[in-house]
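Next up: just one chain, as C-alpha coordinates, the form predicted alone.
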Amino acid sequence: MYVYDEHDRNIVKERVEQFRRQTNRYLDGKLKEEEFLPLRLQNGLYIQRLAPMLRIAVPYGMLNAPQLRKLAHVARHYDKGYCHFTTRQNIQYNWPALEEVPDILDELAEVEMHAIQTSGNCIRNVTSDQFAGVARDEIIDPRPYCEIIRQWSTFHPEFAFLPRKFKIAVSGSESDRAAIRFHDIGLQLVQNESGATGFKVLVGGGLGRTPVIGSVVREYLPEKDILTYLEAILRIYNLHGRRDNKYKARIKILVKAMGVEEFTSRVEKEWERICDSQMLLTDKEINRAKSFFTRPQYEELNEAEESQLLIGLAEKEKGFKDWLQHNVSSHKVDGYRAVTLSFKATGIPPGDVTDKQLEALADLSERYSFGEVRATHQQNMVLADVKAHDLYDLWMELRPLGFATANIGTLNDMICCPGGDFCSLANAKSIPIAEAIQREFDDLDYLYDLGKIELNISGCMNACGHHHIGHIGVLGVDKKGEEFYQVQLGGVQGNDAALGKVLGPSFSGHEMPQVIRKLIDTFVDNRTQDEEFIDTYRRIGIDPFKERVYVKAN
(Lines give C-alpha, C1' and ligand atoms only; values in the text may rest on other atoms or scores of the structure.)
Protein backbone atom coordinates (compact mmCIF):
# COMPACT_ATOMS: atom_id res chain seq x y z
CA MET A 1 0.00 0.00 0.00
CA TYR A 2 1.01 3.62 -0.44
CA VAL A 3 3.60 4.94 2.03
CA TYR A 4 3.88 8.66 2.81
CA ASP A 5 7.03 10.54 1.91
CA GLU A 6 8.30 13.60 3.82
CA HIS A 7 6.18 15.91 1.68
CA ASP A 8 2.99 13.95 2.47
CA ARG A 9 3.73 13.94 6.19
CA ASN A 10 4.39 17.68 6.27
CA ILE A 11 1.16 18.47 4.43
CA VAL A 12 -0.95 16.41 6.84
CA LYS A 13 0.83 17.79 9.90
CA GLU A 14 0.35 21.37 8.72
CA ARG A 15 -3.33 20.67 8.06
CA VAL A 16 -3.78 19.35 11.60
CA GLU A 17 -2.20 22.44 13.13
CA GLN A 18 -4.26 24.69 10.88
CA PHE A 19 -7.46 22.97 12.01
CA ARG A 20 -6.35 23.15 15.64
CA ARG A 21 -6.08 26.93 15.34
CA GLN A 22 -9.45 27.12 13.59
CA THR A 23 -11.11 24.98 16.26
CA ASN A 24 -9.64 27.04 19.09
CA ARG A 25 -10.83 30.25 17.43
CA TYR A 26 -14.32 28.78 17.14
CA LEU A 27 -14.37 27.63 20.74
CA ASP A 28 -13.15 31.07 21.84
CA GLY A 29 -16.01 32.71 19.97
CA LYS A 30 -13.77 34.30 17.32
CA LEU A 31 -15.31 32.28 14.46
CA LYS A 32 -19.04 32.20 13.83
CA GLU A 33 -20.83 28.89 13.24
CA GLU A 34 -21.30 29.64 9.54
CA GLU A 35 -17.59 30.47 9.24
CA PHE A 36 -16.50 27.30 11.02
CA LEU A 37 -18.88 25.07 9.07
CA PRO A 38 -16.88 24.70 5.80
CA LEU A 39 -13.63 24.42 7.77
CA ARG A 40 -14.81 21.52 9.92
CA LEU A 41 -16.51 19.76 7.01
CA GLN A 42 -13.32 19.59 4.95
CA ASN A 43 -11.67 18.05 7.99
CA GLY A 44 -14.32 15.35 8.27
CA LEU A 45 -16.24 16.78 11.22
CA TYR A 46 -20.06 16.70 11.29
CA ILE A 47 -22.43 17.77 14.04
CA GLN A 48 -24.80 14.86 14.49
CA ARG A 49 -27.90 14.26 16.59
CA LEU A 50 -26.14 13.69 19.91
CA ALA A 51 -22.47 14.54 19.39
CA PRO A 52 -19.91 15.43 16.72
CA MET A 53 -19.04 12.71 14.21
CA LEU A 54 -15.54 12.44 12.76
CA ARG A 55 -15.07 10.60 9.45
CA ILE A 56 -11.60 9.19 8.74
CA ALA A 57 -10.41 8.57 5.18
CA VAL A 58 -9.41 5.05 4.20
CA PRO A 59 -8.20 5.45 0.60
CA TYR A 60 -9.58 2.61 -1.56
CA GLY A 61 -10.30 0.72 1.67
CA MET A 62 -6.74 -0.30 2.58
CA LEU A 63 -5.40 -0.36 6.16
CA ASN A 64 -2.30 -1.81 7.79
CA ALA A 65 -1.76 -3.24 11.27
CA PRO A 66 -0.25 -0.08 12.86
CA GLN A 67 -3.21 1.92 11.57
CA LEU A 68 -5.68 -0.57 13.06
CA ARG A 69 -3.95 -0.28 16.42
CA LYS A 70 -4.06 3.50 16.26
CA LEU A 71 -7.76 3.41 15.37
CA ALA A 72 -8.31 1.20 18.41
CA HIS A 73 -6.41 3.68 20.59
CA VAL A 74 -8.53 6.57 19.31
CA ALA A 75 -11.74 4.61 19.93
CA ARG A 76 -10.66 3.82 23.49
CA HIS A 77 -9.32 7.21 24.54
CA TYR A 78 -11.43 9.68 22.56
CA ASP A 79 -14.69 7.83 21.86
CA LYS A 80 -16.83 5.12 23.46
CA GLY A 81 -14.64 2.18 22.57
CA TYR A 82 -15.75 1.50 19.02
CA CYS A 83 -15.86 2.89 15.49
CA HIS A 84 -18.11 2.40 12.46
CA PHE A 85 -17.15 1.26 8.94
CA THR A 86 -19.17 2.97 6.20
CA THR A 87 -20.33 1.97 2.73
CA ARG A 88 -17.58 4.19 1.27
CA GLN A 89 -14.82 2.20 2.99
CA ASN A 90 -14.25 4.99 5.52
CA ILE A 91 -14.38 4.99 9.32
CA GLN A 92 -16.56 7.12 11.58
CA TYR A 93 -16.26 7.99 15.27
CA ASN A 94 -19.65 8.95 16.68
CA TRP A 95 -18.72 10.44 20.05
CA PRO A 96 -15.56 12.61 19.91
CA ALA A 97 -15.41 15.83 21.91
CA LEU A 98 -15.06 18.83 19.59
CA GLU A 99 -12.10 20.24 21.49
CA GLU A 100 -10.25 16.91 21.18
CA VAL A 101 -10.70 16.44 17.43
CA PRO A 102 -7.36 18.15 16.58
CA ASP A 103 -5.63 15.76 19.02
CA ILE A 104 -7.29 12.80 17.28
CA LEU A 105 -6.12 14.03 13.88
CA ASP A 106 -2.63 14.57 15.25
CA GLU A 107 -2.49 10.99 16.50
CA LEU A 108 -3.83 9.60 13.22
CA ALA A 109 -1.16 11.52 11.30
CA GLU A 110 1.44 9.40 13.13
CA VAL A 111 0.24 6.39 11.11
CA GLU A 112 -0.39 8.26 7.83
CA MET A 113 -4.13 8.76 8.25
CA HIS A 114 -6.30 11.86 8.08
CA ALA A 115 -9.85 13.15 7.63
CA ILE A 116 -9.14 15.55 4.76
CA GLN A 117 -12.03 15.92 2.28
CA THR A 118 -14.14 13.19 3.85
CA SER A 119 -17.00 15.68 3.82
CA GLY A 120 -17.85 19.01 2.24
CA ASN A 121 -18.42 19.95 -1.40
CA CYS A 122 -15.17 18.57 -2.69
CA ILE A 123 -13.76 15.37 -4.22
CA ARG A 124 -14.24 12.68 -1.59
CA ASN A 125 -12.33 9.50 -0.81
CA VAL A 126 -11.65 7.41 -3.94
CA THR A 127 -13.13 3.91 -3.57
CA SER A 128 -12.42 0.61 -5.28
CA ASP A 129 -12.83 -3.17 -5.22
CA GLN A 130 -11.98 -4.80 -1.88
CA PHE A 131 -10.40 -7.69 -3.80
CA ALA A 132 -8.14 -5.43 -5.88
CA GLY A 133 -4.84 -7.13 -6.64
CA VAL A 134 -6.01 -10.65 -5.76
CA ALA A 135 -9.25 -11.23 -7.69
CA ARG A 136 -9.13 -13.94 -10.35
CA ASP A 137 -11.27 -11.87 -12.70
CA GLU A 138 -9.04 -8.81 -12.42
CA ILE A 139 -7.97 -7.15 -15.67
CA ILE A 140 -5.68 -4.53 -14.12
CA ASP A 141 -5.00 -3.63 -10.49
CA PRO A 142 -6.92 -0.36 -9.90
CA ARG A 143 -5.11 0.71 -6.73
CA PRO A 144 -2.20 2.61 -8.34
CA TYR A 145 -4.69 4.66 -10.35
CA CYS A 146 -6.77 5.28 -7.22
CA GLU A 147 -3.66 6.62 -5.55
CA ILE A 148 -2.81 8.86 -8.49
CA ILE A 149 -6.35 10.27 -8.44
CA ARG A 150 -6.20 10.70 -4.66
CA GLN A 151 -3.01 12.74 -4.89
CA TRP A 152 -4.37 14.84 -7.76
CA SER A 153 -7.67 15.57 -6.02
CA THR A 154 -6.42 16.29 -2.49
CA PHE A 155 -6.27 20.07 -1.91
CA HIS A 156 -7.00 20.73 -5.59
CA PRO A 157 -7.59 24.50 -5.42
CA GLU A 158 -10.05 24.62 -8.30
CA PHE A 159 -12.32 21.93 -6.86
CA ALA A 160 -12.33 22.75 -3.15
CA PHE A 161 -15.85 24.24 -3.28
CA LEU A 162 -17.81 22.39 -5.94
CA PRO A 163 -21.59 22.76 -6.32
CA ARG A 164 -21.92 19.55 -4.28
CA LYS A 165 -19.88 16.61 -2.99
CA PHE A 166 -18.16 14.51 -5.66
CA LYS A 167 -17.37 10.78 -5.58
CA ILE A 168 -15.11 8.69 -7.82
CA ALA A 169 -14.82 4.89 -7.94
CA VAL A 170 -12.40 2.72 -9.92
CA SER A 171 -12.83 -0.94 -10.89
CA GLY A 172 -10.23 -3.18 -12.49
CA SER A 173 -12.13 -6.47 -12.69
CA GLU A 174 -14.66 -8.05 -15.01
CA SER A 175 -17.26 -7.96 -12.23
CA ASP A 176 -17.99 -4.50 -10.85
CA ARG A 177 -17.61 -4.68 -7.07
CA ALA A 178 -17.09 -0.92 -6.68
CA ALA A 179 -20.56 0.23 -7.84
CA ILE A 180 -18.97 2.48 -10.47
CA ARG A 181 -22.33 3.07 -12.17
CA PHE A 182 -23.58 4.89 -9.08
CA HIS A 183 -20.77 7.41 -8.68
CA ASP A 184 -20.32 10.92 -10.02
CA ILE A 185 -17.48 9.44 -12.04
CA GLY A 186 -17.03 5.70 -12.47
CA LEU A 187 -13.86 4.36 -14.07
CA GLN A 188 -13.52 0.86 -15.50
CA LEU A 189 -9.99 -0.21 -16.38
CA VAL A 190 -9.87 -1.86 -19.80
CA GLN A 191 -7.40 -2.90 -22.46
CA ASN A 192 -7.79 -2.03 -26.13
CA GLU A 193 -7.16 -4.35 -29.08
CA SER A 194 -3.39 -3.80 -28.85
CA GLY A 195 -3.37 -4.54 -25.12
CA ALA A 196 -2.82 -0.92 -24.01
CA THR A 197 -4.32 0.09 -20.66
CA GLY A 198 -7.09 2.66 -20.54
CA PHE A 199 -10.42 3.54 -18.96
CA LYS A 200 -14.09 3.37 -19.80
CA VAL A 201 -15.47 6.57 -18.27
CA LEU A 202 -18.97 6.87 -16.81
CA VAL A 203 -20.41 10.13 -15.50
CA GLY A 204 -23.53 11.19 -13.64
CA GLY A 205 -24.36 8.20 -11.50
CA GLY A 206 -25.59 8.55 -7.95
CA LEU A 207 -28.21 7.69 -5.36
CA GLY A 208 -29.94 10.04 -2.91
CA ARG A 209 -33.15 11.88 -3.80
CA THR A 210 -32.63 11.37 -7.52
CA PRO A 211 -31.03 7.95 -8.15
CA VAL A 212 -29.38 7.69 -11.58
CA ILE A 213 -27.29 5.07 -13.37
CA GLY A 214 -24.17 6.69 -14.81
CA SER A 215 -23.76 7.22 -18.56
CA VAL A 216 -20.73 6.21 -20.61
CA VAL A 217 -19.00 9.30 -22.01
CA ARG A 218 -15.83 7.54 -23.21
CA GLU A 219 -15.49 3.90 -24.19
CA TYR A 220 -11.71 4.09 -24.12
CA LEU A 221 -9.40 6.73 -22.66
CA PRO A 222 -5.62 6.09 -22.62
CA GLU A 223 -4.27 5.84 -19.09
CA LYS A 224 -1.91 8.80 -19.57
CA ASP A 225 -4.93 11.05 -20.13
CA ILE A 226 -6.93 10.16 -17.04
CA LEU A 227 -6.11 13.27 -14.96
CA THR A 228 -6.65 15.72 -17.80
CA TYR A 229 -9.99 14.10 -18.63
CA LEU A 230 -11.09 14.16 -14.99
CA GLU A 231 -10.05 17.80 -14.88
CA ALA A 232 -12.21 18.55 -17.93
CA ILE A 233 -15.25 16.83 -16.41
CA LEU A 234 -14.86 18.65 -13.10
CA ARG A 235 -14.46 22.00 -14.84
CA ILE A 236 -17.68 21.63 -16.80
CA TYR A 237 -19.46 20.60 -13.61
CA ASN A 238 -17.93 23.43 -11.59
CA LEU A 239 -18.93 26.00 -14.19
CA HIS A 240 -22.45 24.79 -14.95
CA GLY A 241 -23.58 22.80 -11.89
CA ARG A 242 -26.41 24.39 -9.90
CA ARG A 243 -25.53 26.19 -6.69
CA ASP A 244 -28.98 27.62 -5.93
CA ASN A 245 -30.49 24.31 -4.80
CA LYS A 246 -28.41 21.66 -3.04
CA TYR A 247 -30.93 18.98 -3.99
CA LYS A 248 -30.27 19.68 -7.67
CA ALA A 249 -26.54 20.38 -7.43
CA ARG A 250 -25.03 16.96 -8.16
CA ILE A 251 -23.44 16.31 -11.54
CA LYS A 252 -26.15 13.74 -12.34
CA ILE A 253 -28.68 16.61 -12.51
CA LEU A 254 -26.40 18.59 -14.83
CA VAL A 255 -25.87 15.62 -17.16
CA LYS A 256 -29.62 15.00 -17.30
CA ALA A 257 -30.39 18.68 -17.93
CA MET A 258 -27.79 19.08 -20.66
CA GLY A 259 -28.22 15.64 -22.13
CA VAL A 260 -25.38 13.15 -22.27
CA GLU A 261 -24.31 14.11 -25.78
CA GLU A 262 -24.12 17.84 -25.05
CA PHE A 263 -22.34 17.27 -21.74
CA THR A 264 -19.83 14.95 -23.41
CA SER A 265 -19.26 17.46 -26.20
CA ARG A 266 -18.40 20.19 -23.71
CA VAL A 267 -16.08 17.89 -21.80
CA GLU A 268 -14.30 16.87 -25.00
CA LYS A 269 -13.79 20.50 -26.04
CA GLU A 270 -12.35 21.38 -22.64
CA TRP A 271 -10.18 18.28 -22.70
CA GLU A 272 -8.78 19.11 -26.13
CA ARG A 273 -7.65 22.43 -24.68
CA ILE A 274 -5.75 20.91 -21.73
CA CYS A 275 -4.88 17.37 -22.84
CA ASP A 276 -1.23 18.20 -23.49
CA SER A 277 -0.73 19.91 -20.14
CA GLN A 278 1.75 18.98 -17.43
CA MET A 279 -0.90 16.73 -15.88
CA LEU A 280 -0.36 14.19 -18.66
CA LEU A 281 0.70 11.01 -16.88
CA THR A 282 4.13 9.71 -17.76
CA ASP A 283 5.27 6.08 -17.62
CA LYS A 284 7.57 7.13 -14.79
CA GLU A 285 4.68 8.43 -12.67
CA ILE A 286 2.48 5.43 -13.39
CA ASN A 287 5.30 3.05 -12.49
CA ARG A 288 6.02 5.05 -9.33
CA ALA A 289 2.42 4.55 -8.22
CA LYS A 290 2.55 0.87 -9.13
CA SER A 291 5.71 0.42 -7.05
CA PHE A 292 3.66 0.87 -3.87
CA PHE A 293 1.42 -2.08 -4.71
CA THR A 294 3.95 -4.80 -5.32
CA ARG A 295 3.29 -8.51 -5.11
CA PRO A 296 3.73 -9.81 -1.54
CA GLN A 297 6.25 -12.54 -0.79
CA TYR A 298 3.90 -15.39 -1.60
CA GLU A 299 5.05 -18.93 -0.93
CA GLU A 300 4.95 -21.49 -3.72
CA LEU A 301 2.04 -23.71 -2.73
CA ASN A 302 0.42 -26.68 -4.41
CA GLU A 303 -3.19 -25.68 -5.13
CA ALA A 304 -4.41 -29.27 -5.44
CA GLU A 305 -2.90 -30.25 -2.09
CA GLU A 306 -4.22 -27.12 -0.36
CA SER A 307 -7.72 -27.67 -1.75
CA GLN A 308 -7.73 -31.31 -0.70
CA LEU A 309 -6.74 -30.35 2.83
CA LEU A 310 -9.65 -27.93 3.04
CA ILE A 311 -12.08 -30.55 1.73
CA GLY A 312 -10.98 -32.94 4.45
CA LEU A 313 -11.36 -30.37 7.22
CA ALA A 314 -14.74 -29.24 5.91
CA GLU A 315 -16.07 -32.79 5.95
CA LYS A 316 -15.31 -33.03 9.66
CA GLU A 317 -16.86 -29.73 10.77
CA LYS A 318 -20.00 -28.19 9.27
CA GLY A 319 -19.38 -24.73 10.72
CA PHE A 320 -16.02 -24.54 8.97
CA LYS A 321 -17.55 -25.87 5.75
CA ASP A 322 -20.23 -23.17 5.81
CA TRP A 323 -17.64 -20.47 6.49
CA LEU A 324 -15.45 -21.69 3.60
CA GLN A 325 -18.40 -21.59 1.25
CA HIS A 326 -19.68 -18.14 2.19
CA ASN A 327 -16.79 -16.11 3.60
CA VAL A 328 -13.79 -17.37 1.61
CA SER A 329 -13.06 -16.35 -1.99
CA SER A 330 -10.67 -17.61 -4.64
CA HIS A 331 -7.28 -15.95 -5.20
CA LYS A 332 -5.20 -15.37 -8.30
CA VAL A 333 -2.21 -17.04 -6.57
CA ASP A 334 -2.30 -20.81 -6.11
CA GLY A 335 -2.71 -21.92 -2.51
CA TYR A 336 -4.08 -18.59 -1.24
CA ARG A 337 -7.56 -17.33 -0.44
CA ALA A 338 -9.24 -14.00 0.36
CA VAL A 339 -11.30 -14.07 3.55
CA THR A 340 -14.22 -11.76 4.32
CA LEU A 341 -14.69 -11.13 8.03
CA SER A 342 -18.36 -10.59 8.85
CA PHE A 343 -19.22 -7.48 10.86
CA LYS A 344 -22.85 -8.59 10.90
CA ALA A 345 -23.27 -10.60 14.07
CA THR A 346 -26.90 -10.34 15.22
CA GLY A 347 -27.36 -7.66 17.85
CA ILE A 348 -24.39 -5.59 16.72
CA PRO A 349 -25.00 -2.57 14.45
CA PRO A 350 -23.66 -3.50 11.00
CA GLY A 351 -20.18 -2.07 10.53
CA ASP A 352 -19.45 -1.41 14.22
CA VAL A 353 -16.12 -2.69 15.59
CA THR A 354 -14.69 -2.31 19.09
CA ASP A 355 -11.21 -1.22 20.09
CA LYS A 356 -10.32 -4.74 21.24
CA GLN A 357 -11.55 -6.22 17.98
CA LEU A 358 -9.44 -3.74 16.00
CA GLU A 359 -6.35 -4.73 17.94
CA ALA A 360 -7.11 -8.40 17.40
CA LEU A 361 -7.55 -7.69 13.67
CA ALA A 362 -4.14 -6.07 13.59
CA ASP A 363 -2.57 -9.17 15.13
CA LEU A 364 -4.42 -11.51 12.77
CA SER A 365 -3.44 -9.48 9.71
CA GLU A 366 0.23 -9.76 10.65
CA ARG A 367 0.03 -13.50 11.23
CA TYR A 368 -2.12 -14.41 8.26
CA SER A 369 -2.17 -11.66 5.59
CA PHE A 370 1.06 -9.63 5.34
CA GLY A 371 -0.18 -7.05 7.85
CA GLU A 372 -2.91 -5.58 5.64
CA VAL A 373 -6.72 -5.52 5.62
CA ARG A 374 -9.38 -3.99 3.34
CA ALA A 375 -12.67 -2.35 4.26
CA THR A 376 -15.59 -3.32 2.00
CA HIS A 377 -18.64 -1.49 0.65
CA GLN A 378 -20.76 -4.01 2.55
CA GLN A 379 -19.29 -2.82 5.89
CA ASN A 380 -17.15 -5.92 6.39
CA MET A 381 -13.38 -6.50 6.30
CA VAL A 382 -11.16 -8.61 4.06
CA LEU A 383 -7.90 -10.43 4.76
CA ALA A 384 -6.77 -10.69 1.16
CA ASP A 385 -3.79 -13.07 1.26
CA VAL A 386 -4.38 -16.06 3.53
CA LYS A 387 -2.68 -19.39 2.85
CA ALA A 388 -5.30 -22.09 2.40
CA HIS A 389 -3.74 -24.37 4.99
CA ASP A 390 -4.04 -21.53 7.56
CA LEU A 391 -7.77 -21.05 7.07
CA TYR A 392 -8.89 -23.42 9.81
CA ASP A 393 -6.63 -21.81 12.40
CA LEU A 394 -7.81 -18.38 11.31
CA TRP A 395 -11.44 -19.45 11.57
CA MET A 396 -10.86 -20.71 15.10
CA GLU A 397 -9.36 -17.35 16.10
CA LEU A 398 -12.16 -15.37 14.44
CA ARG A 399 -14.96 -17.19 16.23
CA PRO A 400 -14.49 -15.71 19.74
CA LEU A 401 -14.01 -12.27 18.18
CA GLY A 402 -17.43 -12.38 16.52
CA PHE A 403 -16.03 -12.17 12.99
CA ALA A 404 -16.69 -15.74 11.84
CA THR A 405 -20.44 -15.56 11.21
CA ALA A 406 -20.85 -17.45 7.92
CA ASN A 407 -23.41 -15.07 6.46
CA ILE A 408 -21.57 -13.19 3.69
CA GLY A 409 -23.89 -12.72 0.71
CA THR A 410 -26.98 -13.76 2.65
CA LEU A 411 -30.01 -11.73 3.67
CA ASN A 412 -28.42 -11.03 7.07
CA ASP A 413 -25.26 -9.57 5.52
CA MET A 414 -27.16 -6.33 5.24
CA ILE A 415 -25.91 -2.80 4.65
CA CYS A 416 -27.21 -0.33 7.22
CA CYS A 417 -26.47 3.34 7.82
CA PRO A 418 -26.32 4.69 11.43
CA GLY A 419 -29.79 6.19 10.92
CA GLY A 420 -31.76 8.12 13.48
CA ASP A 421 -29.78 6.78 16.43
CA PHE A 422 -26.95 9.13 15.40
CA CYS A 423 -27.54 11.09 12.20
CA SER A 424 -29.32 14.45 12.40
CA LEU A 425 -30.50 14.06 8.80
CA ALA A 426 -32.23 10.72 9.31
CA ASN A 427 -36.01 10.40 9.24
CA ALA A 428 -36.01 7.05 11.03
CA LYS A 429 -33.80 4.59 12.86
CA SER A 430 -32.01 1.96 10.80
CA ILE A 431 -30.13 -0.15 13.35
CA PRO A 432 -33.18 -1.54 15.24
CA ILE A 433 -34.81 -2.52 11.93
CA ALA A 434 -31.65 -4.36 10.85
CA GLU A 435 -31.52 -6.26 14.14
CA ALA A 436 -35.21 -7.15 14.04
CA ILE A 437 -34.82 -8.59 10.53
CA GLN A 438 -31.68 -10.51 11.53
CA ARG A 439 -33.55 -12.07 14.44
CA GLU A 440 -36.49 -12.97 12.20
CA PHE A 441 -34.07 -14.87 9.92
CA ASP A 442 -31.73 -16.43 12.47
CA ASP A 443 -31.46 -19.86 10.80
CA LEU A 444 -28.28 -19.92 8.71
CA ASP A 445 -29.25 -23.08 6.86
CA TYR A 446 -32.46 -21.39 5.76
CA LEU A 447 -30.49 -18.34 4.63
CA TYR A 448 -28.19 -20.59 2.61
CA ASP A 449 -31.20 -22.14 0.92
CA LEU A 450 -32.44 -18.69 -0.04
CA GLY A 451 -29.15 -17.90 -1.76
CA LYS A 452 -27.76 -14.46 -2.46
CA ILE A 453 -30.00 -11.61 -1.32
CA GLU A 454 -28.80 -8.05 -0.81
CA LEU A 455 -30.77 -6.07 1.76
CA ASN A 456 -29.83 -2.38 2.15
CA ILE A 457 -31.27 0.00 4.76
CA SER A 458 -31.12 3.81 4.75
CA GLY A 459 -32.52 6.14 7.38
CA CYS A 460 -33.22 8.94 4.89
CA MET A 461 -33.19 9.90 1.22
CA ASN A 462 -29.46 10.63 1.29
CA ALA A 463 -29.13 6.87 0.79
CA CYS A 464 -25.98 6.22 2.80
CA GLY A 465 -27.28 2.65 3.11
CA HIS A 466 -27.62 2.35 -0.69
CA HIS A 467 -31.25 1.26 -0.45
CA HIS A 468 -31.85 2.03 -4.13
CA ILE A 469 -29.50 -0.75 -5.23
CA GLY A 470 -30.38 -3.50 -2.80
CA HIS A 471 -32.34 -6.47 -4.08
CA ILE A 472 -34.53 -5.39 -1.19
CA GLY A 473 -34.15 -1.76 -0.18
CA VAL A 474 -35.56 -0.16 2.97
CA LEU A 475 -35.88 3.61 3.36
CA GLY A 476 -36.82 5.38 6.59
CA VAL A 477 -39.48 8.05 6.08
CA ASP A 478 -41.28 10.51 8.33
CA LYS A 479 -45.08 10.40 8.46
CA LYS A 480 -46.47 13.17 10.67
CA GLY A 481 -43.60 12.83 13.11
CA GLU A 482 -43.63 9.01 13.22
CA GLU A 483 -41.03 6.63 11.78
CA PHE A 484 -42.14 4.52 8.83
CA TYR A 485 -40.30 2.44 6.23
CA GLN A 486 -40.71 2.31 2.47
CA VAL A 487 -39.66 -0.88 0.66
CA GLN A 488 -38.10 -1.10 -2.80
CA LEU A 489 -37.36 -4.21 -4.87
CA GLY A 490 -35.04 -5.05 -7.75
CA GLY A 491 -31.98 -2.90 -7.20
CA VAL A 492 -28.57 -4.19 -8.40
CA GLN A 493 -25.17 -2.56 -8.02
CA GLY A 494 -22.98 -4.65 -10.39
CA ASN A 495 -22.52 -4.98 -14.13
CA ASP A 496 -26.27 -5.35 -14.68
CA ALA A 497 -27.01 -2.28 -12.56
CA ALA A 498 -30.63 -1.45 -11.81
CA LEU A 499 -32.58 0.85 -9.50
CA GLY A 500 -35.20 -0.60 -7.20
CA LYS A 501 -38.93 0.11 -7.60
CA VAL A 502 -41.12 1.20 -4.71
CA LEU A 503 -43.36 -1.62 -3.51
CA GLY A 504 -46.16 0.59 -2.22
CA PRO A 505 -47.21 2.45 0.95
CA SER A 506 -44.74 2.44 3.84
CA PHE A 507 -44.84 0.30 7.00
CA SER A 508 -44.32 0.90 10.69
CA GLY A 509 -41.12 -0.38 12.28
CA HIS A 510 -42.76 -3.28 14.10
CA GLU A 511 -44.22 -4.54 10.80
CA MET A 512 -40.91 -4.72 8.98
CA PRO A 513 -39.73 -8.25 9.95
CA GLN A 514 -43.02 -9.72 8.70
CA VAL A 515 -42.95 -7.59 5.58
CA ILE A 516 -39.54 -9.03 4.72
CA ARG A 517 -40.84 -12.51 5.62
CA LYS A 518 -43.70 -12.12 3.12
CA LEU A 519 -41.32 -10.95 0.42
CA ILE A 520 -39.09 -13.95 1.01
CA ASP A 521 -42.07 -16.33 1.06
CA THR A 522 -43.17 -14.93 -2.30
CA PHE A 523 -39.72 -15.57 -3.70
CA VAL A 524 -39.63 -19.14 -2.35
CA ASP A 525 -43.08 -19.92 -3.75
CA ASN A 526 -42.20 -18.65 -7.23
CA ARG A 527 -38.54 -19.45 -7.79
CA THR A 528 -37.34 -22.14 -10.12
CA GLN A 529 -34.55 -24.51 -9.15
CA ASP A 530 -31.32 -22.64 -8.25
CA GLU A 531 -32.88 -19.29 -9.14
CA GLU A 532 -31.71 -16.34 -7.03
CA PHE A 533 -33.98 -13.66 -5.60
CA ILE A 534 -33.14 -11.01 -8.19
CA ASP A 535 -33.71 -13.45 -11.06
CA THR A 536 -37.12 -14.43 -9.74
CA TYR A 537 -38.06 -10.79 -9.26
CA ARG A 538 -37.06 -9.96 -12.83
CA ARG A 539 -39.02 -12.90 -14.18
CA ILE A 540 -42.29 -12.43 -12.30
CA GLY A 541 -42.20 -8.68 -11.66
CA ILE A 542 -43.22 -6.71 -8.59
CA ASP A 543 -46.95 -7.49 -8.53
CA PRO A 544 -46.81 -10.92 -6.82
CA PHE A 545 -44.68 -9.43 -4.03
CA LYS A 546 -47.04 -6.48 -3.67
CA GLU A 547 -50.11 -8.72 -3.53
CA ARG A 548 -48.60 -10.89 -0.78
CA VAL A 549 -47.42 -8.01 1.37
CA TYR A 550 -50.58 -5.90 1.24
CA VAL A 551 -53.13 -8.68 1.67
CA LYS A 552 -54.91 -8.20 4.99
CA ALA A 553 -54.98 -11.11 7.40
CA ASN A 554 -58.41 -12.78 7.60
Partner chain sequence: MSKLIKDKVLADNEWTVINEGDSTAAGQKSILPLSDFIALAEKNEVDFNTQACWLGAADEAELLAPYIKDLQLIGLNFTAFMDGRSFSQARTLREHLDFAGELRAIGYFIQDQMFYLTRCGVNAFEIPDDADIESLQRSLTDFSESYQAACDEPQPLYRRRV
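Since the structure is predicted, the reported quantities are computational estimates derived from the model, not experimental observations. Residue numbers count along the first chain shown, from 1.
What follows is about the form predicted together with the partner chain, which we do not show.
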Flag residue 22 as yes or no: does it have a non-hydrogen atom within 4.5 angstroms of any non-hydrogen atom of the partner chain in the predicted complex?
yes
So, residue 285 and the partner chain: in the predicted complex, are they within 4.5 Å at any heavy atom pair?
yes
So, residue 203 and the partner chain: in the predicted complex, are they within 4.5 Å at any heavy atom pair?
no
Heavy atoms within 4.5 Å of the partner chain in the predicted complex: does residue 219 have any?
no
Are all three residues 10, 39 and 274 in contact with the partner chain in the predicted complex, where contact means a non-hydrogen atom within 4.5 Å?
yes
Only one of 517 to 525, 24 to 32, 496 to 504, 58 to 66 has residues with a heavy atom within 4.5 Å of the partner chain in the predicted complex, and that stretch is 24 to 32
Considering the partner chain in the predicted complex, which of 256, 150, 165, 452 comes within 4.5 Å of it through any heavy atom?
150
Exactly one of 92, 410, 89, 121 has a non-hydrogen atom within 4.5 Å of the partner chain in the predicted complex; which residue is it?
121
Within 219 to 238, the residues having any heavy atom within 4.5 Å of the partner chain in the predicted complex are 227, 231, 235, 238
